[in-house]
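Both blocks below hold the same protein chain, though in two forms, and each is given as structure tokens: structure 1 and structure 2.
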Structure 1
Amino acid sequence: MNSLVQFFQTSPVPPSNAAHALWLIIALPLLGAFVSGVFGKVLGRANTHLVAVGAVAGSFLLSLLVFWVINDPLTGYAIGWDYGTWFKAGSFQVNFGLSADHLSGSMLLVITGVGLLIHVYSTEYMSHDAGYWRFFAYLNLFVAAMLTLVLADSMPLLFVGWEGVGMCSYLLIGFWYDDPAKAYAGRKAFITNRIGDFGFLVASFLLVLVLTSLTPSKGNQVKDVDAGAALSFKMQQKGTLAFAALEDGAKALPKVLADEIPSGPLKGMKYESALFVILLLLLLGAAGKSAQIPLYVWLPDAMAGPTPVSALIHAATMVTSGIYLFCRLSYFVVLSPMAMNVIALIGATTALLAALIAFSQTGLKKVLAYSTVSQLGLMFLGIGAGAFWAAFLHVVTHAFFKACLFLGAGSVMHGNAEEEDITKLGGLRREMKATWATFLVATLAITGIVPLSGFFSKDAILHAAHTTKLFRAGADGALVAADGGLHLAYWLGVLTALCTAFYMMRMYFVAFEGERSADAKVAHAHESGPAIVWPLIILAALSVLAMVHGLPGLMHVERNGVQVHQTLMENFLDPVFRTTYALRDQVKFVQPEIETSVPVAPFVQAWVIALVGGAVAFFLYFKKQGGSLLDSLEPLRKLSWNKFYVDELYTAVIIKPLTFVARAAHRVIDAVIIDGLAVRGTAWLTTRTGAALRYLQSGDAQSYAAIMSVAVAAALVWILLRIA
């Protein structure tokens, strides 16, 4: 056993070689996208499949290799390579650097691993679509962008990936762009995301200002000269917004949190308020990408895209990038308890709202979409509770079971003539055995039934939200409790867990149990082929196996002289959150409970919640009891069915007024002033002048010579007059 551990903790290649080759992981799918996009039509279906799947498979193998390398303690559990300055403007510098640590390493495996399965699945799922080459080009491009996002070692490069995945998501949602509704869904996703990107960008700019004010320079006295000098060095060495520099910036912050910023455009603002604003803006960015209040509305509509896309982009990878971002920047999060409260509340509220909407939806993918929003909300609750590892564990387990659910839904649609209304399915258990079994496993996992992975990750989040205490610095420097938001969020989270169990089991019972619906499009569903079934089986197996990462009490480490229990994932991510934990213990704003033994009661409680939720669904939809109860709740169902009218609210409050202003501006400013006077007027004037000048161009050599002579004479006269 020890020798096996030894084997996997020894880097198979020199770490610097692996670091230098990190770009290959991104380059492979990028090349795949290029080949399938440009030559896909010529190459034919099978060759395009080979290229696209091969590219992701190659990336997956490389990711495995990188993962192996960063398990070597000699690497410090992280490798990175700086490819030099990317661009530079004054003292602002951005390097092109990639790095992999345990956080991005795990993401690498999820992206390429789940991505590979979904690529394989798509070869069959898209087998009748004429646009297959376009599809695989986009899908490969997405993988490349997502890998850029997680491998980036600076905010600007991360933003490149961030925008790249947004663009691919837009392209894939509107993949069937000849259907106006689907094209509209794509635009909606893109524009909503752009609102979030605005937050991300402004946050980055503010970070530059805050960090610069922390560095000692001429005319800038800083309190902590050593930390400032270290930060200044990192900013020059790695780039202004490199994560290494941000980390050093966070280290310089605790001593000055209550001070005012001494220089720069933010002069006079307190550091803690600046940090709070930055985190809120980042939350806006993350809310766009990860579909949180107030920007979650795009994700359910995003289901217009092909189902593999929903599984890969809108469940497993892209939508978790907000959580990834906050894990990356966790050293800032623990310095701002107020922001943590807000994050936890936003997350929990989103989770509950989405779960309630999912109650009444009848579309298979719609329910799954809202359940994704809801689960993402839980992850944000984890971030807000300071349990970054738990949030990230949920990212990983969720990637497995949600991808499995989506692909299962795709398989159902594939076998039922694209029918996705669960009330028009039913009885699939007997007709699609493999799909049924895997779907059931994944449903149980998301519901939170012991011993599936979802149970442990969800419970870790809720447990952390329950036990962690948040404080803020009071007037005299003493700590004041500030965890009202987190407490409320915890209860919302528990309620969400109950609702999740209900709506997931409802969907399962309606679609898979009972008799086949009379409205079904086809009398008998057919089971899908192996390229669809095998990814399902693998993902279902992973949904179970991933629980190992969340099993409590597996690891024992000594922390501050006390023997504490950790889960595998928490232990595994310790090196990533080294600075975060150090800062947390330094400022003591976040005080998690120290686990010296494995608490049993919360597990029982969570399990009971899941069972109750499931049981209600069982009686209502399997046993068909309580019909009168359902009838009396009809108004509530209608409210939920109409998604609490949030879309309508946005239309009335934001979109309509904006459109009106835009129309008015178009009619007056654009059409009359700019187009009419400025553009046409100038164009008319310049063309007229040009046409007039043309008359000088007679084609007569003598007149040319004459004009030249006159010009020379004039110049000479001017010169001679000047000297005379």
Structure 2
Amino acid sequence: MNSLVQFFQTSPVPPSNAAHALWLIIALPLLGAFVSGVFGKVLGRANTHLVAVGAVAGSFLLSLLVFWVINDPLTGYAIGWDYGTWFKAGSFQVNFGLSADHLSGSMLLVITGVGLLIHVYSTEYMSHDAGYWRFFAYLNLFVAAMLTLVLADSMPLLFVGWEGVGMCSYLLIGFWYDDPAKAYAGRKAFITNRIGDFGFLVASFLLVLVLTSLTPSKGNQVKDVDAGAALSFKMQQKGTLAFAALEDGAKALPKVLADEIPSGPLKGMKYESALFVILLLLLLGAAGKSAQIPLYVWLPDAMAGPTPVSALIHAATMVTSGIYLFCRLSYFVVLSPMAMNVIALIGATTALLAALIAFSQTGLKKVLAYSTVSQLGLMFLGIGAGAFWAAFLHVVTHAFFKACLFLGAGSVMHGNAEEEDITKLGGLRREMKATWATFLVATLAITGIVPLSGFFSKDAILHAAHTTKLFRAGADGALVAADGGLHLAYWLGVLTALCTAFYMMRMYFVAFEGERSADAKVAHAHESGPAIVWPLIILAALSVLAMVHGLPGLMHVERNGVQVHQTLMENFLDPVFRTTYALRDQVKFVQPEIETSVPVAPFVQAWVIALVGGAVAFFLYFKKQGGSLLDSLEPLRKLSWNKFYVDELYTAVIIKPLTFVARAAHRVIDAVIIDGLAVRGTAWLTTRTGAALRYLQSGDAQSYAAIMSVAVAAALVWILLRIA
């Protein structure tokens, strides 16, 4: 509490005070979750809403103050506080520390800002639910876990937040657990994420082995002694897996990439191979949280949860975790061009697959869910292209328009007796004007229409994928082109952009234009209340205003004697990626195009793509032309409707075989060996032995005395014989 008083009384805020108060940003929603969960029923609805919303509002205000502090050059654009050793095992040490820089500071504002709007929205949307107090407790806990993830200054603490959002997603997706389908969706999300978490853990273990092999030690002569010594000092000071230590480890890697690891379990493995494996394992972890192939299947089913949960998961919290992780570890990514190719291909393939599935879906939230998977794939394409700032810019813009879309879908359902089938809606433009206007703005933003934010962030990713060149070190040390995968990923991304414009405008035209179906649950829709409408208006406005961060040519920076054009976001994140850019220029594996002028042609191309996709949807679903074309594509529509049978494939190849093995193991190992032999077998043996010995225990004292006499006489005879 003293730190909070000192934090507000000091003006301007000293960096040390701001850093020391970082824990309060997490503590407030954590306290809100405790109060709502334990005392919610006693407090009543209004007080529970006040506690939950107030906790996130407090975190938002503190995040604004932290953001103000880290924008001061005197702080070095970053603040942090180390609370001491968390745990230690031998030479492995983990400190409990929090830090904030431009990357995590921006995430703080997105999480708490969008999260606050979702909390306000939920006060009306969930006002009649019997479990309102439990809902707000889970919602606050979700925000606290995500804040822990982005404020963590080490991999182990980040993993705590990583697991926290996974647990909260299980609780919220399966919130209505009395419905078996919704409970199953929660379990599916939880189990799928555990697969990714395994990859995260193994990658962390391998990082420890690689880092410790880079430090000066007996029998281990590192090539870069200064870098190795700096790494060793940082590991002792901050912890083995602190991000500061990982950054120093990345600095020590370029000179040894082609060398073999000299000691430890990875002895004989080349550093470049070890780094490639680590990045692929991290990609597996990110694929679980950020819904990429092969672990994307949980996210569409997450629509089983309440609509505010969908907005929070898809826009402001959980699904952005994987992008944040790779941005935080970007200094490792630029050292492995082969991993970048894989990341780009996985992202682009996921983006296109999800977009094609969205073509035929009829549920509002279902279309938006596959849209989220698709947009996340584009972000991973940006990571694979080395355009980390562009990927993060799309995280921010996507948070605004996707939250607006999901909350807009919830408003539609709220005003239509929970109807979300777009084929049964229609005419909403005339009956829900506020919802219609905000939904249209967000739809145009994700479609990529100028001058909305989604246009600039999406085009920045595609432009980087098109112009960036990747190389790898050849056998003779010379650079060899290695960007074939990135080129393919670019064309997949372009096709995804076209598909996005089509399926989003299809959804808009069917749901908001035309006439209402006779099968609709209600004849006329009604507009939602102010607690729902105002968050929609704010998010729609942010979907427009966020374009400022992506406008090209606003910043002019000199790099190697050349005036380079940058966006506000690229310039803003420069301090975060300073080491990444230095390593990129050192190894030259990633060579982006230097922008000395505003790239007009790519913007025109991106706009044309959006217009073409929207025009096709307009022709087919607004003008209702081309019915024969749709009829001829019916087999493809069914394939898309059934999600290309991916779930069925997983069931046949993975789930059923594992279920068979589990049941067989139960029948043989558990029922026969453990229960039959180990448990019942020992009981049977004891029973039979006791039954046999029972005949020797008659209870006749004279018989016992006679037997003892015979035994003593036999003993005496034996002794005499031995003496003789």
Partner chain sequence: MNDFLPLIPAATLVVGAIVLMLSEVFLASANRGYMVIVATLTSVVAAVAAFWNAFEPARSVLQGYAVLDPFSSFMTCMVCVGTALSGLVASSFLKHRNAERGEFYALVLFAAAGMSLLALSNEFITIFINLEVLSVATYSLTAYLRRGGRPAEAGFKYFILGAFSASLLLYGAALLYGATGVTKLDELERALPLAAATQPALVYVGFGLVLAGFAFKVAAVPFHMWTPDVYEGAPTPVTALMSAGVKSAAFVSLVRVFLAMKGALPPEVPYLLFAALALVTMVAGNLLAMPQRNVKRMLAYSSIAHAGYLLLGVAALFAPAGASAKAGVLAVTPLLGGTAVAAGDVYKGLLFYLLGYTVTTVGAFGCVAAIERREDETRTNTWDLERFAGLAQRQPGWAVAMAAFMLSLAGVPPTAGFIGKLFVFSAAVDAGLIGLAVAGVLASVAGTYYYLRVVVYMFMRPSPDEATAPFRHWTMDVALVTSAVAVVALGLLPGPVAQWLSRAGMMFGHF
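By convention here, residues take numbers in order along the sequence of structure 1, the first being 1. Definition used throughout: the rigid core is the maximal C-alpha set that superposes within 1.5 Å between two forms. Owing to the predicted nature of the structure, the values given are computational and were not obtained by experimental measurement.
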Structure, 1 versus 2, that is the form predicted together with the partner chain
1
Rigid-core frame, C-alpha of His314, shift of 2 angstroms or more between the two structures:
yes
Note yes or no: does the Cα of Tyr704 move by 2 Å or more between the two structures after the core is superposed?
yes
